[in-house]
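First, one chain by itself in structure tokens, the form predicted on its own.
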Amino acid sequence: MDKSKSYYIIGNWKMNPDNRKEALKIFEGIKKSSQRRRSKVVVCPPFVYLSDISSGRLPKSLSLGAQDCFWKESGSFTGEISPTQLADLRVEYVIVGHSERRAMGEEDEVISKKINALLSADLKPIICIGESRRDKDGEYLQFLESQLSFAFDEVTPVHLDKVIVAYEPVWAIGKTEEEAITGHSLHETVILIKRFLARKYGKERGFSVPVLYGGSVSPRNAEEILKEGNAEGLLIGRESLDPKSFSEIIDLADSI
């Protein structure tokens, strides 16, 4: 593999931790271990901690992300957060279409609106796709292509360099490393995603979109996922709340 290649290592804290003091402690640990990294590290804490976390100076290799957004800049939308408000907090990346949001009823059309709103605000969407189960007949492949079609419906080639795809099979989330996806199976899915993008935008542009993997990632399987799965980064859940474990994953990515 090209030694100049860098990976995206993205931490999704979800609805954790339960207090500001702990959030700052975790972030400071990650910040310390993110100095002079080849990988691009992104931390996505809950909205309520973004203001505190964004107030300090960040290493060049570390950026802030958010876990969701709304598709309007302002207005009477109680409880929502706009892309412009996130940008004001130094957020660069936003997770969109996470399986947990989809499970709460978020539909493909809504996800598409959010993606377009983020791109208009010059933010970078991390578009999550993934099937709930894998069938022997390969129907899940059509399901993935449908999710991609909606997500990229109005994404123009000029915005393609801001977009990241995170393949996150629902059946692999919250499982042990042994139950997570194998490198071989992941590689096949990465090829599927790249081919879809190549058909829509041309091979050079389509293949340039980073495809990440999320689902039960730990220091014990991260290297296989990146090397054998041909993923260009990782979307990490629970392990991103442990600065030591998260740092080990970054070390592995930097060493490839």
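Values in this document were obtained by computation on a predicted structure and should not be read as measured data. The first residue of the shown sequence is 1; numbering continues from there.
Omitted here: the form predicted together with a small molecule. The next part is about that form.
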For this session: Select, from the options 113 to 121, 97 to 105, 82 to 90, 154 to 162, the stretch whose residues sit within 4.5 angstroms of the small molecule in the predicted complex by heavy atom distance.
Result: 97 to 105
For this session: Answer with yes or no whether residue 20 is in contact with the small molecule in the predicted complex, where contact means some heavy atom within 4.5 Å.
Result: no
Exercise. Quick one: does residue 144 come within 4.5 Å of the small molecule in the predicted complex, counting heavy atoms only?
Worked result: no
For this session: May I ask you to state whether residue 216 is within 4.5 Å of the small molecule in the predicted complex, using heavy atom distances?
Result: yes
Problem set entry | Proximity of residue 237 to the small molecule in the predicted complex, heavy atoms at 4.5 Å | yes
